[in-house]
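First come two forms of one protein chain, each written alone as structure tokens, so that there is a structure 1 and a structure 2.
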Structure 1
């Protein structure tokens, strides 16, 4: 077990949770209590401005009772034992006694977990973190005279959670870090261009380092974008980088298989379970247990231990990702994807680390197969239509491929669009590479959680514009 020191008030209340849950269970329903504590820090550095913003603390509890048909919940701020007991009693008074719940609430599970780190951000002062950001800004700015600005964003999220039910007694600390770096350069004609890089993960500060070679490459890429063209609209042979592959995965069989959307009849994927939706080379996973992934955790906000879920197997849609409610109502297998934005929000089926499985084709062999095509190297945004199955991935950088080689011709921006099964069925080779990129994922326009996506390089056909 990992060493974990919980915030004092959370740790004190944790000792009472077993007795409190038993009061709910006595009503003949499933009872659970989640304690959640979140802290955040953002540091911004560019040529003219520095800022340090400490997020307001988000400490609170969620008391849950579920009779197999309706979820009853109360949430409250902080970790006060008297207030929590009052909420439990109020919740019990609103529930009629019923037969014991028949749905599967899982096996016995106990554990204490914490993100492994070499340099814990908690061991650094805010001033030390700011100094590290200043140093990276300086190193990047000094690489070329025509670097007009360097914008750096450091985002830190520290989450503690405790979950207790009749079957579960769990606690975890998850440390998430993101570092965004944007380089803006100018041309002799007054033109401007930028490129960006990021580091993210559940990790310590050691996961955010950039080498001098990586910074030099970023500046050179920004220079190349000064001469970027627009791609000719139409069908193209395309190779996607792991980052672009990940956004395609996230928008196609990520959101589209969050099974609360099945309950609402807003996802076309619900009608394709057990059917072919992609090339037989394609496998898609969601895995919150993946070490270091920005969307990783040890258990979800409903106390289900993290484990991988294979969504697509050899081109066949096998299953979606579930929370407790959608799994119960639809009679589906429970997966560890019941997630809340914070203690004030309900749990939904949400992605964690969603990715295409690694293939066997060396990346150089993928490029060798392309006489005329486009390498989509960096993404900027993505959109999906879970009901219509349309997908769009907007890329910041595309590069021409001629006779198996990437040329100096650059396109920006480039939008990949299409009907999800058509795009995924066109995949003719899957690379042996693999990488993940992290960020923030909304449910529609709200309910934000941390997630990552990725995979290998993919060779496919798609419409670009």
Structure 2
């Protein structure tokens, strides 16, 4: 078992949770309590100002009672035993058992877990972190004396959670780190352009390194974007970088297989289980247990232990990712994907680390196959359409490919859109590369959680504009 020191108030309240949950269970319903602490530090350094900001903590408790039809919850800030007990009593006074329900509450499970780290941020002072940020900023500006600004953002997410139900007694610490570097350049006509690089993961500071070559490449890319063109709208042969592959995956058979969307009749995928939805070269996974993934955790916000889910196998849609409610009402197997934005929000079926499986084609061979195409190198956003199966991936950097080589021509912004099965069936080769990129994922326009996506380079046909 990992060594885990919980925040003192959380640790104190944890001792009472077993009794409190048993009061709810005594009403003939499923009871659970989640204690969730999310604290963060944000350091920003640019050419003119710097800041060290503590993100407002989201510390709170969620008391849950599920009668098989409706999930009743009280969320309250902090970890106060008296207030939590009061909420448990209030819930118990308003709920009662209904018909017997096969809750998907799983086997007995007990454990404490913590992100393994070489350089734990907690072992560094804020001043040491600021100095490291200043040093990286200095290295970048030395390589980029003719730029308008270099912005560096270090974001530290410290998450502790405790989950207690009749079957589960779990605690974890998950350490998420992100480092963004943005280089902004100007043209003689007053125009501006920027490019960005990032590091992220569940890791310590050892995961945040940039080499000088990477920094130089970032500066060059920002300058190249000053002369960016618009891509000729239409269908193109495309190679996607691992990051862009990941967004395509995330927006297609990520959001599209969140089974709360099945309950709401919002997912076309519900009708395609067991059917061909992509090229036979395609496999898609969601895996919250992936070591180092920015979206990783040991158990979800509903106390289910993390493990991988294969969503698409050789082009065939196999299963979705579930939360407790949708798994119960639809009679599906649980996966560890019941996630909350924070203690103030309900749990939905949400992605963790979602990615295309690695292929066998060397990346150089992918490019060699392209006579005239576009390399989509960096993404900026994506949007899902689980019922219409439309997909939009907006890319910040696209590069022309001619005769198997990337040329100097740069396109920005470039949007990849299309009908999901058509795009995924057009995948004709899957690279032997693999990388994940971390970011934030919303459900529609809200409910932000930290997630990552990725995979290998892909060769496909898609509409660009």
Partner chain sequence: MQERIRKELDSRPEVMAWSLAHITSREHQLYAVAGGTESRRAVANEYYLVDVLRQVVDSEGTVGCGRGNSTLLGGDDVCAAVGEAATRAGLVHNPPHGLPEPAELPQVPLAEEGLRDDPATTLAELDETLRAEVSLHPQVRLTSAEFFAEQLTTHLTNSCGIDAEQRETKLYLEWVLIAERNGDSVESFVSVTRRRVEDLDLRTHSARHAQFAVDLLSAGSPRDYSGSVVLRGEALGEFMNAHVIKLLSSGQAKYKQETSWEIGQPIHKTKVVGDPLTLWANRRLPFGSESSCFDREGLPAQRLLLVRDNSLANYTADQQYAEYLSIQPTGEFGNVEVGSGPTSAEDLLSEPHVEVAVFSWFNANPLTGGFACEIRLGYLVDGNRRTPFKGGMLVGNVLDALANVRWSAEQGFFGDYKGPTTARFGELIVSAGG
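Rigid core (definition): largest C-alpha set, two forms, superposition within 1.5 Å. Numbering follows the first chain given and starts at 1. None of these values were measured; they are calculated from a predicted model.
Next item on the list: Of structures 1 and 2, select the one representing the form predicted in complex with the partner chain.
Entry: The chain shown as structure 2 is the form predicted in complex with the partner chain.
Check: Does residue 409 count as moved between the two structures, where moved means a C-alpha shift of 2 angstroms or more after fitting the rigid core?
Finding: Passes the 2 Å threshold, so yes.
Next item on the list: Answer yes if the Cα of residue 142 shifts by 2 angstroms or more between the two structures on a rigid-core superposition, and no otherwise.
Entry: Shift at residue 142: below 2 Å after core fit.
Notebook entry, point to check: Under a superposition restricted to the rigid core, does residue 222 display a Cα displacement of 2 angstroms or more between the two structures?
Noted result: Yes; that C-alpha moves by at least 2 Å between the two structures.
Item checked: Once the two forms are fitted on their core, CA shift of residue 184 between the two structures in Å -> That residue's C-alpha is offset by 2.4 Å.
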